[in-house]
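Shown below, as structure tokens, is a lone chain in the form predicted on its own; questions about how it binds or moves come after it.
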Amino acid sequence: MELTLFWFILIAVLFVGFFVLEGFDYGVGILLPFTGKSDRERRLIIRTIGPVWDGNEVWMITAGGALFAAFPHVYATMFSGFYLALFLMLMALIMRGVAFELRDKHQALAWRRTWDGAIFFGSFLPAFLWGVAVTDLLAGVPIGPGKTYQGNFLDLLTVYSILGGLTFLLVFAYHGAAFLGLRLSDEGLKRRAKLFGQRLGGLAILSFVLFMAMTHSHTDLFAKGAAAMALIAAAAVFVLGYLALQRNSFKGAFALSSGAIALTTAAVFLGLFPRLMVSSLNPAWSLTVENAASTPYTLSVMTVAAVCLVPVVLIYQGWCYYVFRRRISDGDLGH
């Protein structure tokens, strides 16, 4: 039980890191076509995440690897049930990665605008699909006996899950606007980032409130005190971040939106525990930290590897952010 709990917590921490870091990453990509009015401005915007976007995605790969090693039944059921959604997400992420590499390889404006559109699409779709997936995990999916998924792709799309996808999308876009204000030195771009942040932040607050209301009626999250407190705290912290943006405090807005995303992720895992996937057909068929776990030997070996390697990864990524902490200006564009 101690090792399964350790791995449940570790996977939760990895997803917290992923949503906080990849959240602003997606947000910047979503805002790119709207905030950047010229090729110069779009190049500046892309430079803000250029050194870190691929490192941010490592958190998703690490979380997926940890899930596969510690809870293989969850990995198998989730990837069979969410197959089409995960395929679409993967294609969008591949398109996004290719766009970052190829955008500046040709000077033609049409070429660059095409790849800008790919960055937008490759950021918009994963942000939305992650919200749908997390919401479905909370509400439950049709898992039958033997840990088998018994639904189809359309079963994942409900009013509640679409609202969850929209909420994630708006929060990430706001998170990206706060990050742009923090990293850019161009005053015109910062004003535009603030404007979009104000508009999207207001919509995100409304969507978050509706999401909380539907979470109360569609899940048992609010029956768990710690999970309910974390979700309510997330909403309060996000509102404080929105107010900080109104006062031109991009640092405060970004820090508080990061806190809101972290608290929301924590609320989801607290609401799920000890389950990892909830069965909408029969609660007894849900996948838990006990019935979905690897053998004790596998967990022991993986625990040693995680304790040794995860701190190294954290130190390395922290160092990367420290090295590239300077605001982006025209001098960073090169030729």
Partner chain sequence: MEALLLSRWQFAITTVYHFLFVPVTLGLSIFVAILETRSVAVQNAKRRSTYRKLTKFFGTLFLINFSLGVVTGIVQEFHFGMNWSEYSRFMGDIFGAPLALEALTAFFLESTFLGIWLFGWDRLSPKLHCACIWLVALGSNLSAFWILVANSFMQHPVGYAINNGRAEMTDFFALVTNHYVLGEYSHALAAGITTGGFVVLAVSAWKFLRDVPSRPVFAKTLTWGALYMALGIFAVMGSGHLHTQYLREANPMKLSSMEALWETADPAPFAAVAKINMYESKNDMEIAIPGLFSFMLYNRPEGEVRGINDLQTEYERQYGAGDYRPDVVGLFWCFRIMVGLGGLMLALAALTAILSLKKQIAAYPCLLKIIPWLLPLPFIANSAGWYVAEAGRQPWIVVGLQRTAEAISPNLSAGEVWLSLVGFTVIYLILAIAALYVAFRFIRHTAVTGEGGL
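Positions refer to the first chain, counted from 1. Please read all numbers here as calculations on a predicted model, not as lab measurements.
The same protein also exists as the form predicted together with the partner chain; that form is not shown, yet it is the one meant from here on.
Pick from 185, 246, 158, 148: which residue has any heavy atom within 4.5 angstroms of the partner chain in the predicted bound form?
None of the others qualify; the residue that does is 148.
Give me the residue from 289, 278, 302, 270 that has a heavy atom within 4.5 Å of the partner chain in the predicted bound form.
If I apply the 4.5 Å criterion carefully, the residue I get is 302.
Counting only non-hydrogen atoms and a 4.5 angstroms cut-off, does residue 68 reach the partner chain in the predicted bound form?
Residue 68: contacts the partner chain in the predicted bound form.
Although the partner isn't part of this model, could you tell me whether residue 73 comes within 4.5 Å of the partner chain in the predicted bound form, counting any heavy atom of the residue?
Result yes; residue 73 sits at the interface with the partner chain in the predicted bound form.
Verify the contact flag for residue 106: yes if a non-hydrogen atom of it lies within 4.5 Å of a non-hydrogen atom of the partner chain in the predicted bound form, no if not.
Contact with the partner chain, yes.
Contact between residue 206 and the partner chain in the predicted bound form at 4.5 Å, heavy atoms?
No, no contact at 4.5 Å.
With the partner chain left out here, work out from 278-286, 262-270, 292-300, 24-32 which stretch has heavy atoms within 4.5 Å of it in the predicted bound form.
Going by heavy atoms within 4.5 Å, the stretch is 292-300.
Using a 4.5 Å heavy atom cutoff, which residues in 48-62 contact the partner chain in the predicted bound form? It's fine if the answer is none.
If the 4.5 Å heavy-atom criterion is applied to the partner chain in the predicted bound form, 48-62 yields 50, 51, 54, 55, 57, 58, 59, 60, 61, 62.
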